[in-house]
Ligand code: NAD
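Given as structure tokens, the chain that follows is alone and in the form predicted alone.
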């Protein structure tokens, strides 16, 4: 029997090679709901990247047996709707952790060394005045604040401590004891406010949930040091973008690196566009050649396992198995 697997977007070729012997890959020409709805009735499985997977799409596929997330964040998948139908939803944690950590670190370094203003000096042929006004900061010995202390946060702590002897504080109400990280001791703080007041660089690594939506807003930004930098490679809606743009314009904080947005693709006019003290990228923190291969392999292996009656790893709605 040949299964049909609907992919909201293409994945690395290693994934297609794994799929080919057992399933037909149906790749949506664009990850928009009307297109996906037209293809869903043929699908036995979904592989979801950034495209939407709401209730109506899940119910549009009568033969649907599994939904695999190519990545970690599943806020674009209606898991309760899948559970109603007894369909397992799984993700592929850890496959892009190294890539996201390196993106967060790259943004911190770029902000600290003011690389965007430096490039503008060169492009504007403004060497004399530009060099006279240029002043960067070092990461060495500074304090890293982590909002969220899972795989990615822990790995970032390790790299920042090893490379720059940074002190590390973390806020995560779901972590009772800081993980053991070679080369540093992570200090858990009991409140977000304490972390905001202490950190020189703040990096966000939490999923988007009702509890984390808008966790960084105007009041929280005001508690940060004026010399501090904020980096978000998690989910856009965790940060209130209008409040962040205002804080950047008014010098409430020194700068920000943003890889994720509340609305993707971003609207033509976005409050963060045009600011000299912000670095923006289009949700590509996890997109390295290595990470894409690992994610493709993991999501296809999980989908094929489910299609053949096995339980995939990292199921996010395990109650469907207990109910059965």
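A quick note: this is a predicted structure, and the numbers were derived from the prediction, not measured. Residue numbers count along the first chain shown, from 1.
One more form of this protein should be noted, the form predicted in complex with the ligand, which is absent from this view; the next part is about it.
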Partner contact for residue 211 in the model of the complex: the ligand, 4.5 angstroms, heavy atom: yes
Residue 42, heavy atom within 4.5 angstroms of the ligand in the model of the complex: no
4.5 Å heavy atom contact, residue 150 and the ligand in the model of the complex: yes
The ligand contact in the model of the complex: residue 173, any heavy atom under 4.5 Å: yes
Contacting member of 199, 107, 100, 89, with respect to the ligand in the model of the complex [4.5 Å, heavy atom]: 100
Proximity to the ligand in the model of the complex, single hit among 179, 217, 117, 207 (heavy atom within 4.5 Å): 207
Heavy atom contact within 4.5 Å of the ligand in the model of the complex, the stretch among 159-167, 244-252, 122-130, 71-79: 71-79
Residues from 223-240 in contact with the ligand (non-hydrogen atom within 4.5 Å) in the model of the complex: 233, 234, 235
